[in-house]
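Here's a solo chain for you in structure tokens, the form predicted on its own.
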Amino acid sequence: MAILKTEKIIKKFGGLVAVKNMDFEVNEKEIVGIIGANGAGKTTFFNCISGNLEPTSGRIIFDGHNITKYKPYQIAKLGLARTFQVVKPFANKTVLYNVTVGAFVKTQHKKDAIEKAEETINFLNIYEKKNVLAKNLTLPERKRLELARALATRPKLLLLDEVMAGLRPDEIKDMLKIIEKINNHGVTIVIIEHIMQVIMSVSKRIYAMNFGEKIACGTPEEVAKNKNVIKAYLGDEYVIS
């Protein structure tokens, strides 16, 4: 059953069409990847889904709700959370404080929010850092903090925007285990990632975008062999007739 579906999403910035007629569907408990070169429209598409941008036209249906014109806080309350490419925590606040802010999406009680934040921090194996200021964290720790803030909102669907960018190979392996752990706890995941081996290994299905449009959709194996994808990434000379 589809938990998220977009229909003919278009996003224009003046004369620039950043996302064009984007049809997209994610089933409950799937891990779905989105690939594409820089400027392909991936993050803009995420911004439309999460309410950070309003689509120029089209519809977005999440968990039975038409969220096309919803604000980010309304979408978060329904159970859709996201991370951002550039991690921007409250630098002079502790890890626990940062994650507690996310937990307030689903409760107005401070005690409940702190309990959920501590549970989330422990789940992501950074509990020993809970009293450390965010500005003093390493990059991998800041990535986990960004993930924890989103996860503390108790999402049904999690949008991950390049959570592994800048990480070393061993750190990427750790992050992959965390993503699979989150998914195994029933959270549907959509992930944007430039590291092809990573997204191919973790995704059940993949959408490929180029110049704002969907150019392929299928299993990792199908997308890797798709002529349009090969052309977009490598050039015409690499396409086998």
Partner chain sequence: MKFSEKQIKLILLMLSAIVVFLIPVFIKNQGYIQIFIVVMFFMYIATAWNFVGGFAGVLPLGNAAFIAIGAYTSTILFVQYGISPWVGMLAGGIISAIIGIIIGLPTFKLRGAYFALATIAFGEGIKVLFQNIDKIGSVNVGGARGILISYSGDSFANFQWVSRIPYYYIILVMLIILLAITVFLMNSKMGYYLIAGGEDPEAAASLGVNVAKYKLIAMALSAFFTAIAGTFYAQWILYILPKSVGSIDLSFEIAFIAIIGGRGTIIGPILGALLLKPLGELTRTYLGGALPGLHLFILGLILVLVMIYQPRGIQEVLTKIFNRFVKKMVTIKRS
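Every value quoted in this text rests on a predicted model; they were computed, and no experiment measured them. Numbering follows the first chain given and starts at 1.
What comes next is about the form predicted together with its partner chain, which does not appear here.
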> Based on heavy atom distances of at most 4.5 Å to its partner chain in the predicted bound form, which listed stretch, 80-88, 136-144, 122-130, 164-172, is the contact stretch?
Replying inline: 80-88
>> Considering non-hydrogen atoms and a 4.5 Å limit, which listed residue (Ser201, Asn27, Asn52, Ser57) is close to its partner chain in the predicted bound form?
In response: Asn52
> Is there a heavy atom of Leu159 lying 4.5 Å or less from a heavy atom of its partner chain in the predicted bound form?
Replying inline: no
> Is there any non-hydrogen atom of Arg149 lying within 4.5 Å of its partner chain in the predicted bound form?
Replying inline: yes
> Can all three of Ile191, Ile230 and Tyr233 be found with a heavy atom no more than 4.5 Å from its partner chain in the predicted bound form?
Replying inline: no
> Across 106-129, which residues bring a heavy atom to within 4.5 Å of its partner chain in the predicted bound form?
Replying inline: Thr107, Gln108, Lys110, Ile114
